[in-house]
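Given as structure tokens, the chain that follows is alone and in the form predicted alone.
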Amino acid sequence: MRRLGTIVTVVYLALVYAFIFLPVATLMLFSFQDGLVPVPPFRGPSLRWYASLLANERMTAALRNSVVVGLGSAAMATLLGFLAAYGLARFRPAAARAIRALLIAPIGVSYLVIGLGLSIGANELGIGRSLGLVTIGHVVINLPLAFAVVLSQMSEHHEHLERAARDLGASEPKVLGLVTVPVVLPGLLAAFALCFTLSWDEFVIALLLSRFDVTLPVEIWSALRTGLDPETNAVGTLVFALSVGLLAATALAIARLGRRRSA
């Protein structure tokens, strides 16, 4: 029975991973196809569509926009999430639970609702749709995640280190810069990487809040409306590779920080 259970578990996991990664593998495979239509049989390998992608000004502009929006929104969400987590964990205001609930609340709200709300609010204020507004929208959806990740790093042991630094005469900015930030740096890196990845792939808010300058998911959607295009396979492969690379680099950096502390 134990061996049968192991076999069933392995088969189940294999089917789950195949369901998740088979579409990605197919996307990557046909990004190297030489034919005009990304369907079997496979013809290649070829870098034709990657060269076409680099020559496509709309796609490259959308790629740059996604990087700018992703970096900006991830940095702002991580900073605000850190400040909120630090304030709640260290100063413990009377309404800490209510504040925490309000900060986490956007996780349970549809991106469509958030995008529509920001679009209506911007129109009322006379603010046009732009990449700046998209960045604000991504900060709204990423802030709860960054807050939760950083808050999980705010332990009592770290608080004792901060008190010791203050007892030794360190000012509050020095405590933050020399004690708090280095201690929670793995959480900050993880929060930044996750926020950037979510912003990089986000579509609904980017579609509702952008006008002429669009992000890469919106540009890919526009291209797919005209039919199958091998160039979009190349774009999708680059997006997947960048997301995996960023998360892997973050995990490696966190692991190195952990080894340095243990040493």
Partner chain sequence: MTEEGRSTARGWAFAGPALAWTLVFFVVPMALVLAYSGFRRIGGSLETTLSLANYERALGTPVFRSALANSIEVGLLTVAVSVLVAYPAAYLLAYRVPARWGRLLLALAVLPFWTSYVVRSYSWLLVLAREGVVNRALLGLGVVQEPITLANTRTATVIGFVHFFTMLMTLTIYASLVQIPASYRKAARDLGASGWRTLVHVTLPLSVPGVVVGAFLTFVLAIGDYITPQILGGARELLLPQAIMLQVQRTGDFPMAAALSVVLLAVIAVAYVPAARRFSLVTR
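Model, not experiment: these values are computed from the prediction. Between two forms, the rigid core is defined as the largest C-alpha subset superposing within 1.5 Å. Numbering follows the first chain given and starts at 1.
Just so you know, the form predicted together with its partner chain exists too; it's not on screen, but the next bit is about it.
Should S155 be classed as touching its partner chain in the predicted bound form when contacts are defined as heavy atoms within 4.5 Å?
-> Judged by the heavy-atom cut-off of 4.5 Å, S155 is well away from its partner chain in the predicted bound form.
Verify the contact flag for L47: yes if a non-hydrogen atom of it lies within 4.5 Å of a non-hydrogen atom of its partner chain in the predicted bound form, no if not.
-> Contact with its partner chain, no.
L22: touches its partner chain in the predicted bound form, heavy atom cutoff 4.5 angstroms | L22: yes, in contact with its partner chain in the predicted bound form.
Is I220 one of the residues lying within 4.5 Å of its partner chain in the predicted bound form, judged by heavy atom distances?
-> I220: yes, in contact with its partner chain in the predicted bound form.
Quick one: of L189, L161, V183, L176, which gets a non-hydrogen atom within 4.5 angstroms of its partner chain in the predicted bound form?
-> Only one listed residue qualifies here, and that residue is L176.
Who in 109-130 is close to its partner chain in the predicted bound form, meaning a heavy atom within 4.5 Å?
-> The stretch touches the partner through V109, S110, L112, V113, I114, L116, G117, L118, S119, I120, G121, N123, E124.
Honestly, after the rigid core fit, is L22 moving at least 2 Å at Cα between this form and the one not shown?
-> Superposed on the core, L22 moves its C-alpha 2 Å or more between this form and the one not shown.
Core-aligned, is the CA shift for V10 between this form and the one not shown 2 angstroms or more?
-> It does, since the V10 C-alpha is displaced 2 Å or more between this form and the one not shown after the core fit.
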